[in-house]
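First, one chain by itself: the form predicted alone, in structure tokens.
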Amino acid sequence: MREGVAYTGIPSAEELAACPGVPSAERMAKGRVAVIECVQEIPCNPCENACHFGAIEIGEQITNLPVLHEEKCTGCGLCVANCPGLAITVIDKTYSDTEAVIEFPFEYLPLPAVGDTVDAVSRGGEVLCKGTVTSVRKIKAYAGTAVVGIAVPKEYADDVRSMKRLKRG
């Protein structure tokens, strides 16, 4: 079976390993940081324009993959909602001794509420574990996209990328 974004819509382990937007384990251990899992060379640069700290660089060729300058990244999250490909999360592996927080774009209704227990899912939508909603932000700078944060057991921090949609009413 063929793997990777071009075949399944989900980045393969090889694509992610070669991705210049994924921070090092050392940077992840220091706190909140953007994780840019953009693996396709397409004309796109909203993440670079959204970053006020110069932590994301596309360069002159608009099809370049975004490079994360991890030492400049504050984990503010402005890039998360501005990525039209939903390829950016913010991860905080220092949230607690046992949990990490994953913040991701969420474009579905209804939105969860802080404190809700939700099904945390992988890049492919498989339920991996339960998560607790820590934040739900929908501000003007996010261009209409909500950014949801969920706390999950640390062992799932590298694999959880969203949550299962909630049922209406």
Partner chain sequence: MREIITDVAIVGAGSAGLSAAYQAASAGADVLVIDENARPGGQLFKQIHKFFGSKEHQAGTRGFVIGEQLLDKVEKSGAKVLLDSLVYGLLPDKSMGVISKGQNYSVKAKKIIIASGAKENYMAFPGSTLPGVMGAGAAQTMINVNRVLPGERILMVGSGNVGLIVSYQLMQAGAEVVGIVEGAPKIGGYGVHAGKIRRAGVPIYVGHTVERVFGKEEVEGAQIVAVDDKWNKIPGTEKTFDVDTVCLAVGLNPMTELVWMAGCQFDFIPSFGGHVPLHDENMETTVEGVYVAGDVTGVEEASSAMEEGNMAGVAAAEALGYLEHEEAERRKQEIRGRLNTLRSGMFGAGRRSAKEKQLEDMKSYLAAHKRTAAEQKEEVFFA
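Since the model is a prediction, treat every value here as computed from it, not as a measurement. Residue numbers count along the first chain shown, from 1.
The same protein also exists as the form predicted together with its partner chain; that form is not shown, yet it is the one meant from here on.
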Worksheet item: Counting only heavy atoms and a 4.5 Å cutoff, which of 128 to 136, 22 to 30, 66 to 74, 39 to 47 contacts its partner chain in the predicted complex?
Response: 39 to 47
Worksheet item: Does at least one non-hydrogen atom of I10 fall within 4.5 angstroms of its partner chain in the predicted complex?
Response: yes
Discussion item. Under a 4.5 Å heavy atom criterion, is V90 part of the interface with its partner chain in the predicted complex?
Written reply: no
Worksheet item: Does at least one non-hydrogen atom of G54 fall within 4.5 angstroms of its partner chain in the predicted complex?
Response: no
Item to complete: Indicate whether V114 is a 4.5 Å heavy atom neighbour of its partner chain in the predicted complex.
Response: no
Discussion item. If you apply a 4.5 angstroms heavy atom cut-off, which residues in 145 to 163 are near its partner chain in the predicted complex?
Written reply: T145, R161, S162
